[in-house]
Every structure is written in C-alpha cells, then in structure tokens.
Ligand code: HEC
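This document opens with one chain alone, in structure tokens, the form predicted alone.
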C-alpha cells in the first residue's frame, strides 16, 4: 500500500513537471516551432552575426568567449574580431554588452539581462526565443512604444523592426470581457519578406541555443561514433552468441 501510494505521488509530480512548460507557454500564447538545429553551422554563423549586430549592444553573453565561438563555429580570429567584436574586448575574453548598464536602466527601466542561458531558462527554449522575436507590435500605451504577445509588457523595443516591419495587434473580447489576442496586421513593411524574417528569428534562436550549452556540439559529434560503436558491438555480440550456441541445437 505504501509503495502504491508513493508510485501515485511520483506519477502526479512527474506529470506536473511535464505539463509545467506547456502551461507556461500557453500563458503567453502558443509557441511557434523554430526548427533549430545545432548541426546547421551556417545557421549558427548567421545567428552569431545577427546577434552581435542587433542584440549585443544591450545584451551580454558573459558565459561565452569570442575564442570559443570561433572554435565551435569554424571562424578565424580575424573574422570574429572584425565582424563580431564591437566592445574592444580581447579574443579570449568573455562577451560584455556594449551599452552601459546605468544607461539601460535609465532608458528602459532595467538593465538588459545577460542572454547566456536564456534558451535554457525559458520554457520552450529556442521556440520561445523564435516566437518572441516575431511577436513584437506597436503599442502607443507603452513607455517605449512596443509590446509583445509572448512576453507582455516587456521593457524591450523591437530590435529587428527594420527587417520585419512594424505590425499592430488586433484583439477581440474574451468570455469575461478581457482582451484576447486575435492576429497581427502589418502596419509598415520591412526590408525582408515574412519568410526571410523567419530565417532571421530562427538563426538567432539557434545561436542562443548553442550559447546556452556549447558542449552540446561536442556531444552531438561524439554521439554518432557512440552509436556506430554500439552497433558494431551488438553485431559482434550476436556473432559470439551464435558461436556459443551452435552446438546446443
């Protein structure tokens, strides 16, 4: 009886933990699938370029080093220092933000957070980042003029508005009179088509997924050899079993 009770409690706790990310995602709207892949080096390189050009002015990656990005993404020191380093930091140093934290607090109410672990901290990981980057809309009621359906009332303007364009949100009335998001309407076109901007959002999400756990690249590379080894070992074990049992039949 005691063991049965423990099993039931364990099942309920496990179910709660499994459903928690989905519930959190539902609170800010359904997340869109980003289709990120750590094996897509081109996507990671493009994501790095986009992050450093559009995000690193406010956000840091203090758990990453320029040299580690170069090694993992197949870039040279010159490529990284000329195209990704806008802070004056050395090649082997961690990645700070360009903006003074005090300025960020004065302009946006809070200093911009470090994004080293954002892909692991948010329920949905890269899908959350991908959806967040796509769901900014013009909101004159907000101090910064922007809002976001994935993270309502965030103190962050849309850094990619020139690429995506400016969209407004249309809300309908919910069952209890509350506003419920219905759809976006394009207010001003950007320099990219929606399909092209999807690639931008995906590649940034993919790069931040990598930044949150750089060792995953090595694990993926080693994993192929592990599977090959286990397959070979299984085949040899089967041959050995056949040899041992051939005289029994």
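The structure presented is a predicted model; accordingly, all values stated were derived computationally and were not measured. Residue numbers count along the first chain shown, from 1.
Just so you know, the form predicted in complex with the named molecule exists too; it's not on screen, but the next bit is about it.
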Quick one: of 118, 73, 169, 80, which gets a non-hydrogen atom within 4.5 angstroms of the named molecule in the model of the complex? 118
Candidate site 48, 62 and 89: all three near the named molecule in the model of the complex by heavy atom within 4.5 Å: no
Against the named molecule in the model of the complex, would residue 184 count as a contact residue? Criterion: heavy atoms within 4.5 Å. no
Would residue 161 sit within 4.5 Å of the named molecule in the model of the complex, counting heavy atoms only? no
Using 4.5 Å between non-hydrogen atoms, is residue 156 touching the named molecule in the model of the complex? yes
Touches the named molecule in the model of the complex: residue 44 (any heavy atom, 4.5 Å): no
In the model of the complex, which of 176-184, 64-72, 200-208, 31-39 comes within 4.5 Å of the named molecule (heavy atoms)? 200-208
Output the sequence-ordered list of residues from 34-58 with at least one heavy atom within 4.5 Å of the named molecule in the model of the complex. 54, 55, 58
